[in-house]
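Presented below, as structure tokens, is a lone chain in the form predicted alone.
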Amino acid sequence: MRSFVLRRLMYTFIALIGSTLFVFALSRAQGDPRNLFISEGGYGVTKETWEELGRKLNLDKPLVAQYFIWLGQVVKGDLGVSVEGRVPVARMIRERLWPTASLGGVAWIIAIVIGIPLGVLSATRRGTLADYVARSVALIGQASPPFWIGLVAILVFAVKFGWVPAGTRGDGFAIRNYVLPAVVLGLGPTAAYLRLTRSAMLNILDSEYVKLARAKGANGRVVIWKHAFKNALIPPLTVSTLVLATLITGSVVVETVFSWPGMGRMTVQAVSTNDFPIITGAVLVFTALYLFLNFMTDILYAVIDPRIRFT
């Protein structure tokens, strides 16, 4: 187990270094970084000012040295300053990270609580009305675009009935503010968990050891939850990082639709204003979060199935 963890940790570290190289290359591929900071009212910039800004941004040093200086600043938590507001990017990300993480966490809980039980129900009631209803939920969840679902949900539940707010997070942690955006964001992951759990349960319920347990007269609930369900959890757990990626990328759309003050909306605004430091900071944070949860997923399904440690 120890060697498995160390090997996965090494792969995560290499991927993280590769992502920093990619982000740094993008920051230089878009042109001279000084152009970003003088784009607003930059007419008549003197040569001395231009060179001073270059020294401040370490552009007078070799490219390899620029990368290591930039990487050292990132490790210390210095992600630069936004072009538009001249605000430290790290502070902006700290302010926006919790709203995005809390929204994604609530959406993930919704996906697990609804998707996995529906998948088990669909597999154990194969060919019945419950099976067709569950499969319809999965179809709608995967086929419907989040922005359309969000607009329809606002029109029906916020405008027409007035049950929940149309948008914004509000102050503190009010559940009613999370209802619409979390449900819309969690609809796709719910469908993914449902389909994966159903497929895994069907394969295991048709296996020989489950048939033997039933032939011995084991209780139906014991067979489903003790023998089949634990083994069926491995595929949904393995794909959890892909579900997380769906939550991260989907949050960009959902936060924009619901005016949610998170990183997704901040990134969209940064793209529209060409605020490159915010974009690179957001990409680094999303990548680090994705790699960390991918590492945790590897550890979790190695614990569930010890055979994975030796492959």
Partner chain sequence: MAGTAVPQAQAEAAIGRGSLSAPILLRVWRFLRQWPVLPVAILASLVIGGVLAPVLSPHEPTYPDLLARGTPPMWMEGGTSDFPLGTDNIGRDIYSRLLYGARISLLVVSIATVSGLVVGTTLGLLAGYMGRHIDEIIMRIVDIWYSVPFIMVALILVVVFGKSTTMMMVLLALLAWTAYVRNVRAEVLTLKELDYVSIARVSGASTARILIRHILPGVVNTIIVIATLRVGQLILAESVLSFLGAGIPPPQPAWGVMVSDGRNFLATLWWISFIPGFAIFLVVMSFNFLGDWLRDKLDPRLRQLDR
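Positions refer to the first chain, counted from 1. Note that the coordinates shown come from a computational prediction; the quantities given were computed from them, not determined experimentally.
There is another form of the same protein, the form predicted together with its partner chain; it is not shown, and what comes next is about it.
Peer 1: Just to confirm, V133 within 4.5 Å of its partner chain in the predicted bound form by heavy atoms?
Peer 2: Contact check for V133: no, nothing within 4.5 Å of its partner chain in the predicted bound form.
Peer 1: Test of understanding: in the predicted bound form, would P146 fall inside 4.5 Å of its partner chain by heavy atoms?
Peer 2: Judged by the heavy-atom cut-off of 4.5 Å, P146 is in contact with its partner chain in the predicted bound form.
Peer 1: Just checking whether I109 would be counted as a contact of its partner chain in the predicted bound form - the rule being heavy atoms within 4.5 angstroms.
Peer 2: The answer is no: I109 has no heavy atom within 4.5 Å of its partner chain.
Peer 1: Given that the partner is absent here, does R96 sit within 4.5 Å of its partner chain in the predicted bound form, heavy atoms only?
Peer 2: Judged by the heavy-atom cut-off of 4.5 Å, R96 is well away from its partner chain in the predicted bound form.
Peer 1: 112-120, 177-185, 192-200, 206-214: which one contacts its partner chain in the predicted bound form at 4.5 Å, heavy atom to heavy atom?
Peer 2: So the stretch in question is 192-200.
Peer 1: Spell it out for me: taking its partner chain in the predicted bound form, does every residue among L139, V159 and T287 have a heavy atom no farther than 4.5 Å from it?
Peer 2: Yes, because L139, V159 and T287 each have a heavy atom that approaches its partner chain to within 4.5 Å in the predicted bound form.
Peer 1: To verify the annotation, which of these, A90, V164, L151, I224, has a non-hydrogen atom within 4.5 Å of its partner chain in the predicted bound form?
Peer 2: By the 4.5 Å criterion, the partner-contacting residue is L151.
Peer 1: Within 4.5 Å of its partner chain in the predicted bound form, which residues of 54-73 have a heavy atom? Give them in sequence order, or say none.
Peer 2: None of them.
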